[in-house]
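One chain comes next, on its own, written as structure tokens: the form predicted alone.
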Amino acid sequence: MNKSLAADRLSLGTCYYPEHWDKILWREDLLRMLENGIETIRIAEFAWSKFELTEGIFTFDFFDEFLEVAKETGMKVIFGTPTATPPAWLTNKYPEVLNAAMDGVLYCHGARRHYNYNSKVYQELSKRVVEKIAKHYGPHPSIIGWQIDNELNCEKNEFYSESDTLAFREFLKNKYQTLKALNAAWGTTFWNQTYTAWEEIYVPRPTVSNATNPHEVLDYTRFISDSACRFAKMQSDIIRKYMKKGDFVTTNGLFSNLDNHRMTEESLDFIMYDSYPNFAYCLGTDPEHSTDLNDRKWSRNLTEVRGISPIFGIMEQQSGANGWNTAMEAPAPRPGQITLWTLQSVAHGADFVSYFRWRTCTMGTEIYWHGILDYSGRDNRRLREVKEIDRKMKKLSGAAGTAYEAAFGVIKDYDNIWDAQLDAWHERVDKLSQESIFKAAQLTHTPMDYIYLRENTTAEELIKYPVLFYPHAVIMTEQKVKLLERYVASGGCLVLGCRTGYKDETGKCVMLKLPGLLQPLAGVDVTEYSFVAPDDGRVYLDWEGTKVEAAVFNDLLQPLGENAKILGTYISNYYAGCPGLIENSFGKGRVYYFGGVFTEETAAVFLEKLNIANPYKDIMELPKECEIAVRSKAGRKFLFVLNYGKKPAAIELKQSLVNLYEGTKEVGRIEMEPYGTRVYELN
């Protein structure tokens, strides 16, 4: 079951690092935060040396003193475990804790996340410091929650140390039991890769032409995820022994090569996200001519988070310019953008938003990663905007705990995500379709969800979506087929794209007529297939009078069974006249198999023809520059309207709605300021 942040109102926080500042600033900083609507801080996630400056000698004086100030001022605290940055004494004495590059060369101390999850030494030292901290601070009245580590799998999401090789072998032994089974799963007869002893197996290493065994790399990615999940659970289990009733455990993400759903279910009460939409404006980008929606595309990331925790929190929300001394050059947020990005997070399900950071650091790699305050600490425009955000959040208190309303869903699963990372054919089709469906949903004002298929996913979870896209389900299993059959038979509409069902869960291609296990459900036989060649131009099909592009790759189709119907045929290339879109009735529902990759325009046609586009058009009319998101509960609907444009945007309210910021009713034409937001209530 997915977990959620149980909040009875919307609230603000910020990240604070007392170890960076003179103690005389602490009380002043906390009181200023409270005066401006910030009531929670996150601390300590990079402060291992403040607890264990030398090996085995623990002291708590520093954070005892700081937490006393927090208690006296009434500031609430989320306490971080410091395992993201092991101290110098540790990495110098125990170099086996360090991660390595693919060639085996160890990374050196001096940055962060330079450890590997599988070092026995690091596991024991991490257990010890977490146990000491949790036991000491668990009862503290100011602490309301705990953050595990920081951004698991950030910076590096591949691990090539000797410890990882040893752990990878154990992972494989547990999974396959015998080398015979492993060799069969990995197809090691190809290029004479057969293993005769477990000691012959390593994590992936550099090879001629950078060629890999894709089945090994798929299992290696599963192993990385397993390692991170086990590391998180180790810490969560310790914290839960000591934390107060009502406190929570979380961590901040999302990052790749990690089953975030498993980690959340095993270790967290909910997950938090770190949202930095300003990345869209880093030097070297061209936002004026961008086709990726710029900062608006962070709504896609927030949709991913919501697929894990329907109601969640933001641990790090953009509040200033971002940059390191070694990378990234981004402008300061323009007036209104902090509000826009905060409300973007809230619109998608966040009930708690914490800004990174309070003061801009004057030392280290992140000296250009600005917070709410600049180096001087004086009041500024960004602080005034945060205070105004707090006023608005209080007006929106009724939206806390409400759920996002989606008109349709996009199915994903980790096997296919990870396969697309290692398979260039899979990556090309999947990347375009995923981006295009999201863009089409945004620009047609059709809110969407991501739904991950997992072992415990039920048809009841799926059937609430009238339409589900599963664009390129390359890896398919019998369990997933049965689940999809139940969804469609119950009245659901499933949309599939080309390159579906041609691999098993090991990543090997199946010797079945395509789309493999899905052929009976789809009512389709893929008789031939090909990439669209550069000199083919753009390939189109005719969908009952509508011209639709079938980009990148084309499956040539034939209907199977009496319930399958040809809806569209190719009108260009050497296969003109061949079916490219087939609808199959199955139980109470239907399946559409589309023989191409979804472009933005093609996805928009599907949304329109399936009668799910722009579900709120009878309530309001919006320009493309604006996003609509709706959260609802118990008959109350909150309509968030976000203008991502640098120019004013006119919206048309077709019925009288309450502007919750001001408590007034509005109808007709409303002009929103650049980067403006509105939240309306519809009863």
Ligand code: GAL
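Quick note: we count residues from 1 along the sequence shown, nothing fancier. All of these numbers come straight from a predicted model, not from anything done at the bench.
This protein has a second form, the form predicted in complex with ligand GAL, left out of what is shown; the following refers to that one.
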- Answer range among 505 to 513, 422 to 430, 400 to 408, 270 to 278 for contact with ligand GAL, defined in the predicted bound form as heavy atoms within 4.5 Å: 270 to 278
- Message: Please tell me which of Tyr540, Tyr242, Trp369, Phe586 lies within 4.5 Å of ligand GAL in the predicted bound form, judged by heavy atoms.
- Response: Trp369
- If you check Ser299, Thr602, Asn252, Ser119 against ligand GAL in the predicted bound form, which one has a heavy atom within 4.5 Å? Asn252
- Task: Although ligand GAL is absent from this view, report whether Glu151 comes within 4.5 Å of it in the predicted bound form, heavy atoms only.
- Result: yes
- Message: How about Lys135 - does it come within 4.5 Å of ligand GAL in the predicted bound form, if we only consider non-hydrogen atoms?
- Response: no
- Message: When the contact criterion is heavy atoms within 4.5 Å, does Glu316 count as touching ligand GAL in the predicted bound form?
- Response: yes
- Do Trp324 and ligand GAL come within 4.5 Å of each other in the predicted bound form, heavy atoms counted? yes
- Near ligand GAL in the predicted bound form, with a heavy atom at 4.5 Å or closer, the residues from 14 to 30 are Tyr17
